[in-house]
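As structure tokens, one chain now follows by itself in the form predicted alone.
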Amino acid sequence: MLKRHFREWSVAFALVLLLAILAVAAPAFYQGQPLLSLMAREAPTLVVACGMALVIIGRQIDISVGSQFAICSVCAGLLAAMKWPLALALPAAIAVGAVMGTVNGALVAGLRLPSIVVTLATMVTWREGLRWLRQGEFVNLPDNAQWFGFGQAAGQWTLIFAAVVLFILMVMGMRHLSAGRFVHAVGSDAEAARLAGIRPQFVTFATFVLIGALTGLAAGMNVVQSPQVDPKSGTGLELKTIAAVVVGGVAISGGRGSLWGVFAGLLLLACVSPALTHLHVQAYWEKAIQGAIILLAVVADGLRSKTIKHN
């Protein structure tokens, strides 16, 4: 068990070690409201990271999620500004994300184009299209849209609860549903999966639609945290989610990984910035430390793959 999930346990150990250091050196890190704000801020990222994990396990990649996130955020914000209730605006954002995921899935699975090329093209197209339409103009939200109208603390707990419930449902689905096993099978060996009766192209298409829908949901969760919607929101989201997935033990070559590792990887990366602030370390070290963590994860994955081949 420990050997099989060594990467996940190692990331969890690094996270616990970091939290222990902060408990001794910077106990202010554990103040209630800042910690709650951090968790609420990362809740949308967790939702997107779950979808990214499935795409990468299926031996694909989606680097357009940041642009999808921005478009879905603006769409949800515009609908809320038009007095649509959040009960309708948020599902609309999910639908918009699913449509963009369908475009990616059709190009990758239908035309069998490389996912890195397809999603790079859609990333630029959607981001620049939004920039042309909005000209950098923010969307002002009505007062009752922020925090679902519950107040900040209750709204933050609602976001965290929603993200955790979705995460647990996806963990259970990947473990107990045939769809989860299909994703792993396609990522391990698409031809073997086809011979076993699985339709690899349909599985690939479905994962892109799912990550689009999850990105739309995450955008809705982000919109309610601010009185305005920034059309540049989501910048860097693709790198952050891919980093969390890779650090969490999902093989970039596909076929292996768990969502629990992704959860630990995201928490570890999310804690770096506030940890540096509380430890009075210059902020420019954040990217360097995150890059080192990602590099170590990739190197560890490469060494593990070589060991398996030699054995």
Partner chain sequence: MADSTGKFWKSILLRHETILLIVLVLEWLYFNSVGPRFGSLGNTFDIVRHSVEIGLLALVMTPVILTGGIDLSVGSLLGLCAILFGKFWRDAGMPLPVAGVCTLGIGALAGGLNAALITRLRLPPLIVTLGTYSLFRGLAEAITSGVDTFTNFPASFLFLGQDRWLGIPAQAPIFIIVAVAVWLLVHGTTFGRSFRAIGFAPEGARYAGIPVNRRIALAYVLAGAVAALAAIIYTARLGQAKADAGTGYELFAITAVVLGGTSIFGGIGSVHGTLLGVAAIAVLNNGLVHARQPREVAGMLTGGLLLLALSSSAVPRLFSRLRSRKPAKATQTVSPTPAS
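Residue numbers count along the first chain shown, from 1. Here the structure is a predicted model, which is why all the values come from computation and not from measurement.
The form predicted together with the partner chain is left out here; the points below concern that form.
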item	value
Contact at Leu107, Ile116 and Thr125 by the partner chain in the predicted complex, all three, heavy atom at most 4.5 Å	yes
Heavy atom within 4.5 Å of the partner chain in the predicted complex - residue from Ala153, Leu120, Val99, Ile168	Leu120
In the predicted complex, the residue from Val246, Ala264, Leu46, Ala70 that sits within 4.5 Å of the partner chain by heavy atoms	Val246
In the predicted complex, segment of 154 to 162, 234 to 242, 73 to 81, 216 to 224 with a heavy atom within 4.5 Å of the partner chain	234 to 242
Heavy atom of Gly129 within 4.5 Å of the partner chain in the predicted complex	yes
The partner chain contact in the predicted complex: Gln31, any heavy atom under 4.5 Å	no
The partner chain contact in the predicted complex: Ala20, any heavy atom under 4.5 Å	no
The partner chain contact at Ile61 in the predicted complex, heavy atom, 4.5 Å	yes
